[in-house]
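Heads up, the chain below is alone and in the form predicted on its own; it's given as structure tokens.
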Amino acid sequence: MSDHKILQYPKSPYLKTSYYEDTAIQAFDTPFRKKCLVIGLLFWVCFPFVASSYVVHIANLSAIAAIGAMSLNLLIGNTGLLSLGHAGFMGAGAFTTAIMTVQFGLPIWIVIPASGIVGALLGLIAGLPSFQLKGIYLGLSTLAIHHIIKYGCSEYQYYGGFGYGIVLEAPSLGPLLLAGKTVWFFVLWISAFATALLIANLLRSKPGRAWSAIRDRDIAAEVSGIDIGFYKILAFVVSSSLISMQGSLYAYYTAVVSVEEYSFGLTVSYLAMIIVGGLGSVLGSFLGALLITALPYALIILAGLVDLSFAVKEHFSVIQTGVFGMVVILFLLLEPLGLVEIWRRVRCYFELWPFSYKPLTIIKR
């Protein structure tokens, strides 16, 4: 019998042959994604040196917002638990930073983890009603906790004699002084990428699969042996801890802590970010944070280019709110899966170009 050679063909990066390959983080496993990585890194490194200080400031706020959006998306999009109190958790992290910095003079590398611990404890308390409550009732219980936290912070600010806000000095990490928008650009975006990596790995782990099961059908998850009470509490703890550390970063970046910053409207903004970006998506949280954060500044720039009447200028803040709501409504009607679905279609087009390809239509029930 003649010997037959077995031809070995190179493995396609687009085809998966095992469950482990399919569940692995596939951020840069295709030629198209590798090219995007190189271009993205070059853009990220050069951006703060070529952009204006105003644009870099907007990018810094977007990085902070992305951390908050990812933490809220972990709870709502991945676990199916409604929270309306995340602005309060963010405020708790900011005021923890103010207390530990102003009164005790502790360094940033101690203060930020301590803010996360405070947020985790508050998340534990906020998650207890999830044993019995669902949907809007759970959301109202977290809203009550938001008002309790805000009241406590307001009393501390008033009776502490801090007036309209607590002023913080620029922190330092060893010899590096964290001052200036360019330095903060790298610190904040590295923190946002680290948060994204943490959440992406959590979603691939046992808790992540349990959270997805609870979101899809909590009764079936409980029958399957998942301790839904434990994993609901865990989701609240992780989410509130992350957004409290985000509040700490925000306090350091703005150098002022004021209770007026952490109103219910801030929670609505984060809800809009995950709706516009895409529920349950880490990338969608980034995209939604970028759009919702930049939208008011874009309207201000646009208003400066157009000769507006006095009446329009006088009520411009109301117009901003109306445009903000219109954007959310348009996404809910025209693209309920958010910006991440638009990006998926664009990515499919360029990955397979020049071949014509119509991406699958995902129907969300």
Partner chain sequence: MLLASIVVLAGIYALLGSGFVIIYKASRILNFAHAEIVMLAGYLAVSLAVAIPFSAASLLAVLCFCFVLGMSIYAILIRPLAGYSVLSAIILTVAVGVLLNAVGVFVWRGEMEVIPFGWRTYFSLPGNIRLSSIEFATLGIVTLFYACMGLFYRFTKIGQQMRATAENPLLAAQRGISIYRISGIAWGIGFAAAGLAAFLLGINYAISLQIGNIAVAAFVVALIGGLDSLLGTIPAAFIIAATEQLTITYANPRLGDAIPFIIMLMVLMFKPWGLLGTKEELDRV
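Numbering follows the first chain given and starts at 1. Just so we're clear, the structure is a prediction, and the values are computed from it rather than from any experiment.
We do not show the form predicted in complex with the partner chain, though everything after this point is about it.
Using a 4.5 Å cut-off to the partner chain in the predicted complex, not one of S52, I58 and R345 places a heavy atom inside that distance. In the predicted complex, V256 stays away from the partner chain, with no heavy atom inside 4.5 Å. Proximity of S172 to the partner chain in the predicted complex: non-hydrogen atoms within 4.5 Å are absent; the residue sits far from the partner. By the criterion of a heavy atom within 4.5 Å, L188 is excluded from the residues contacting the partner chain in the predicted complex.
In the predicted complex, the partner chain lies farther than 4.5 Å from every heavy atom of G116.
Contact with the partner chain in the predicted complex, defined as any heavy atom within 4.5 Å, is confined among 74-82, 95-103, 241-249, 291-299 to 74-82. Contact annotation: of the candidates I110, A179, V167, L140, the single residue with a non-hydrogen atom within 4.5 angstroms of the partner chain in the predicted complex is L140. With contact defined as any non-hydrogen atom lying within 4.5 angstroms of the partner chain in the predicted complex, the contacting residues in 129-155 are P129, Q132, L133, K134, G135, I136, Y137, L140, S141, L143, A144, I145, H147, I148, Y151, S154, E155, given in sequence order.
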